[in-house]
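Only one chain comes next, encoded as structure tokens, the form predicted alone.
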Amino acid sequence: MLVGHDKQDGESTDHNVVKKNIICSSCDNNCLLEAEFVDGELKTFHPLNGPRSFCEKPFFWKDYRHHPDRILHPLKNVGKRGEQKWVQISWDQALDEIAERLQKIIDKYGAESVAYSTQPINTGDDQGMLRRFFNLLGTPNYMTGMNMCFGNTIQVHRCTYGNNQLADYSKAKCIVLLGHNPHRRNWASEANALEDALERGAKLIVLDPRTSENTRRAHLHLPLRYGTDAAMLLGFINIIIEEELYDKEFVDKYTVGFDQLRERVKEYPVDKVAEITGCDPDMIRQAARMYATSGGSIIPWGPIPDMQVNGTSAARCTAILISICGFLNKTEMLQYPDPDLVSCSVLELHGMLPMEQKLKQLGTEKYPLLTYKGYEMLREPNKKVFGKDWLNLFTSFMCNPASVFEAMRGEGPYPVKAFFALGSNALMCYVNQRGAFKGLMNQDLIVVQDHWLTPTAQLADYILPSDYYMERPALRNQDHSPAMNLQQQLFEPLGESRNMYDLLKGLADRMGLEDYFPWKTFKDVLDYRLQKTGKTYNDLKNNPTVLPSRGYDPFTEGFATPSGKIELYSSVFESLGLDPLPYYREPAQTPISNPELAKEYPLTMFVGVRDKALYLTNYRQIEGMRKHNPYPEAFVHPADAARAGVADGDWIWVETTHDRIMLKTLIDAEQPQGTIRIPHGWWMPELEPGLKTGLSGAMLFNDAMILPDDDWNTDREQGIPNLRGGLLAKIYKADQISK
């Protein structure tokens, strides 16, 4: 382990107190914090977004940064794929060899044979450089786990009113949480905003099958059946229209498609919605009325409705509710690209990727909405309203991950033979993990940049050490949000850790693309983005948040949609052959749709319990965090546990029609009977790496093993896999495994 003090970059060690702002990248809430140094040593953190507390994750920075397992030097695997025969090499050797092997693959199979995966919300914002490099290389095959979480919702909202919207808790008089449960150990800054709103007297409606911290203080709790969020929201819309609680003037002036919407939601009378969701019809009416009449309501984004077979329809419903009640730019603020910055979308050089290559994007024909093809009708409206042909709202123009892994296995329209996982534990973060594993084993080149020997990295040819978020400057801004948050660099990177930009520039310089990467350092890229302001990063780095010089008024400037209005009936969907209105369909595997299968698999499964001390597949190395969640646990109702003959703490198999995983039983009376809730992202870094241990347990414990990517289990519009209701499972006792 490295020893010694962690002194702040560029500061003296005189007796003084120095404070620097950072954007905590420990999870996706990205809290703004103030780091306090005393005599040059980091001592503590304070919240910058209010007086309330935040979670414990940033306090484990030293355990993380100096962990003995952190990768600090480039590594090359000199054995077969999956053999753990690593040798340390130099960055120059790694980049030389990667560039040479990558070029050979492109020459043989075409540029589209390269695919890449990242997690943009946690990798320090690459400022458009990632897609710039791969667009210039000629591949359209970009993917991220945000394809099924947030990215899919943003795409639906931009088709409705031209961009994403952000709920403003400070103005809300009523808050609707769709299974979303912000609390102090996850989503801390949002939990603080919720707390402030409730103290001001805002009303709270929670739609959640379980009892949680927030259902206990809700004014209305609707314990709907897993996977029926879209049906509930369709019922809300029907009630609001039927009882004329919508904003008629707003609808007449700013929307199109209201008459078609009215006819569609008549198919969802409250009694039918009550039957589908399992909720009391009077409570459904009461909730819809409360939302519409409270004087300004919000539906904060949360991941629960996204990952359902009706995920796109649920997102359409939230956008429609916001619109017909007139809450857009009142309590739900429409976002826009910052006019004072050089746009990430511009830097990504999407225009340099030929249309021929764009149309090769995997999944385009089956699930076009989130792809380049799906964006075509939005190009002209974006240029007209925002002045940009290509407007990437964080996760736009993506391929379909299942289609990528098919091509990696040799089952697609063309082969994918080179794969880059940059800050992404890609094996574990999608679904059909066994299929993903087969695809990775079939690659000619795998490059990983990460902190750890993750299960994905265990299959790589090269692992390159990434800097830690406190070891780099950051400018957190994407085109879905006008606010710009800046982070000061606290430390120099340890070992030979480098920023993602260094990797991309190093490859670009070796592959004839050096003219497109003229910036010597990542900080130079930040300065380039700021040039229109007349400021540099150093000029602004003490300001945690910088707001744009002017706002955007869609009511006078227009909405970036084909009609120039809010599209309740989506012309983009219609052009792609998709249903232009939201709907509900019963998932293929429920006791209602498949009662015979439910006899063998009696539990309806909810996937994605967020362990309070962990985040996705990360932090299981950190002892102080892992002690709160030492093992992967399945939440099971006492009656279901008794029926299966398992006790609290027993190791069990959780089996679906796709595969099975091993978890520990957590008997929980608040888990609805007949259901099971399982966590996401489990592996055990303490197990030996390699194929013999199932890649440190990833092939034994991770939820993606039991989740299929078949069409019957995906959202029709975007191919989003169903994790949150409508997948049947059974449990049975497993042999005890050792610690």
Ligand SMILES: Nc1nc2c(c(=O)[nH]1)N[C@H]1C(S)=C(S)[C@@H](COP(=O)(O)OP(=O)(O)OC[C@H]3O[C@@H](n4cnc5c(=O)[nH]c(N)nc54)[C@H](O)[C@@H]3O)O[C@H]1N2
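What you are looking at is a predicted structure, and each value in this text was computed from that prediction instead of being measured. Start at 1 with the first residue shown and count on from there.
Just so it is clear, the following notes concern the form predicted together with the ligand, a form of the same protein that is not shown.
*Asks:* Would Ala115 show up as a contact with the ligand in the predicted complex if we use heavy atoms at 4.5 Å?
*Replies:* No, Ala115 is distant from the partner.
*Asks:* Does Gly311 reach the ligand in the predicted complex if we count a contact as any heavy atom within 4.5 Å?
*Replies:* Although the ligand is absent here, Gly311 would stay clear of it in the predicted complex, with no heavy atoms inside 4.5 Å.
*Asks:* Would Met148 count as touching the ligand in the predicted complex under a 4.5 Å heavy atom rule?
*Replies:* So Met148 counts as contacting the ligand.
*Asks:* Heavy atoms within 4.5 Å of the ligand in the predicted complex: does Thr590 have any?
*Replies:* Taking the distances in the predicted complex, the answer for Thr590 is no, it never comes within 4.5 Å of the ligand.
*Asks:* Under a 4.5 angstroms heavy atom criterion, identify the one residue in Cys429, Ile98, Val265, Ile284 near the ligand in the predicted complex.
*Replies:* Of the listed residues, the single hit is Cys429.
*Asks:* Of these, Asp247, Asp444, Asp450, Asp668, which has a heavy atom no more than 4.5 Å from the ligand in the predicted complex?
*Replies:* Among Asp247, Asp444, Asp450, Asp668, a heavy atom within 4.5 Å of the ligand in the predicted complex occurs only for Asp450.
*Asks:* Each of Asn164, Ser343 and Ala508 having a non-hydrogen atom within 4.5 Å of the ligand in the predicted complex: is that the case here?
*Replies:* Not a single residue of the candidate spot has a heavy atom within 4.5 Å of the ligand in the predicted complex.
*Asks:* Report the stretch among 594 to 602, 335 to 343, 362 to 370, 172 to 180 that approaches the ligand in the predicted complex to within 4.5 Å, counting heavy atoms only.
*Replies:* Answer to the contact question: 172 to 180.
*Asks:* Listed by sequence position, which residues of 288 to 327 have a non-hydrogen atom within 4.5 angstroms of the ligand in the predicted complex?
*Replies:* Sequence-ordered list: Pro303, Ile304, Met307, Gln308.
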